[in-house]
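To begin, one chain is listed below as structure tokens, in the form predicted on its own.
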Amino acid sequence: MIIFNQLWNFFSSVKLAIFTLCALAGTSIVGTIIPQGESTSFYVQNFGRETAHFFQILDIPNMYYSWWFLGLLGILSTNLIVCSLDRFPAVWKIIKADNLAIEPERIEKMANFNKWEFGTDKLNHIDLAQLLKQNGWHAQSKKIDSNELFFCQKGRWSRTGVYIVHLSILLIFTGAIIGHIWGFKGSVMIPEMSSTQKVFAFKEGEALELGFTVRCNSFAIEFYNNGMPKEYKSSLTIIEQDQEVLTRDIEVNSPLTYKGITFYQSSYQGYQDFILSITENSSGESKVFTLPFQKQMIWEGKDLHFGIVNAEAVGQRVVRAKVWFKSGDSPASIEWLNDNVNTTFTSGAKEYTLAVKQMYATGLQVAKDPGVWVVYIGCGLMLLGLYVAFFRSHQRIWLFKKNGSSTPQLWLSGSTNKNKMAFTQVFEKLKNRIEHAVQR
């Protein structure tokens, strides 16, 4: 029992909480300064072999998942739980206390106290409960012999503010644990007109099943005049059980979320292949082809032959392509086509509209975090708890009508658990109004 009490006192200590918070803050700074998740050679090259070995021993490259950092979080969590269990019963007792059971002598000894004496019975014509209500205080009352005691309070639940903060921190930790165990972070490259059911985890590189198919319908990119990318976006379709259930364009800071899995536009990759769309103008029939560079392809049912024979690029961006096009036994047509611009070809007796563009793969970051809503709730509770703890106070007012003497008296007293200067102003304001009402 002695050992249990010692452990209980240790984990309920405020000093332990301060030490743990300082340790977490200091180590978090280290984790911010030292790059995380890099290879061993990176740390050897930048910090030296001995320092890199020391980093590996303490798991600095993966600090936020290291045993000692998680241990600090565990100590802080235990401290919050034990501290709350140790102190909250006393707070709850104050919240639920019968404040009308107070002894009149205690009222007289409070720091905020005022007493009036009356030579005649001036108090009988005044409704003290109504007077308090008019000044924003809803009173309870109790008869004590020939005397009467009124009590009113505001903000009694403000005493729970610190415990709301404790609960919010534990919820944030719980959400992070849920996300770490049942969530993942990965990436995938999907070429245009292709699809995948897997992504690849960042750390291990293992394939993770999505449980559905995601297809990249198209990828569009705009460039500045100097060839630097300006903005880019992808058109994605979610397919489940051979049914298209969702199609949406995504771009940077505008992700797509389906079944708790979020797809973020993060990068792209240009290929030497091309996407060629051909429309027969007379029938309106069209088809899209993935066309390797300098390789002939055929639209079987239409006896069309075509290919990309040359391309002009600025950096890695193809700005136009030279298309070779032939229908049946008609002579071939060769023409330069600007990137993704419709151009009309006449071959034989028919007209065709062609558009060619460089083929890209969209780079997606993929994240699943089932604990994110727990974290959001925890953050909301933390804001509420901080507001209650710092900007609200438990204010109590007692008004004692003493008739048991030749000179009737009226006692006013009050107390607050914090922000005593502000409460003094509230008390003085109420005192002046009561004094004015009684002496009229």
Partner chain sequence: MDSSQLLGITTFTYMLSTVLYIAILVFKTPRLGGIATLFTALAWFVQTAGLVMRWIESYQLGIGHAPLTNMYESVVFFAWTIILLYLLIEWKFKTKIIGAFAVPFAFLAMAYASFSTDLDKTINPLIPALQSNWLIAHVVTCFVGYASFAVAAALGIMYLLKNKSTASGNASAALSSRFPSPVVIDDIIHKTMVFGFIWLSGGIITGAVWANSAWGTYWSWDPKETWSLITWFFYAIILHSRYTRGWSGKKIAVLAIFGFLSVLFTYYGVNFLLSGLHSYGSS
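Positions refer to the first chain, counted from 1. As the structure is a prediction and not an experimental result, all values here were calculated from the model.
Just so it is clear, the following notes concern the form predicted together with its partner chain, a form of the same protein that is not shown.
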{"query": "Partner-proximal stretch of 408-416, 53-61, 27-35, 395-403 relative to its partner chain in the model of the complex, 4.5 angstroms, heavy atom", "finding": "27-35"}
{"query": "Of 204, 117, 231, 240, the one that lies within 4.5 Å of its partner chain in the model of the complex (heavy atoms)", "finding": "231"}
{"query": "In the model of the complex, the residue from 78, 84, 279, 365 that sits within 4.5 Å of its partner chain by heavy atoms", "finding": "365"}
{"query": "Residue contact check: residue 390 to its partner chain in the model of the complex, 4.5 Å heavy atom", "finding": "yes"}
{"query": "Touches its partner chain in the model of the complex: residue 44 (any heavy atom, 4.5 Å)", "finding": "no"}
{"query": "Proximity of residue 68 to its partner chain in the model of the complex, heavy atoms at 4.5 Å", "finding": "no"}
{"query": "Exercise: residue 270 in contact with its partner chain in the model of the complex, heavy atom 4.5 Å", "finding": "no"}
{"query": "All of 211, 322 and 336 with a heavy atom within 4.5 Å of its partner chain in the model of the complex", "finding": "no"}
{"query": "Partner contacts for 370-400, taking its partner chain in the model of the complex and a 4.5 Å heavy atom cut-off", "finding": "372, 375, 376, 379, 382, 383, 386, 387, 390, 391"}
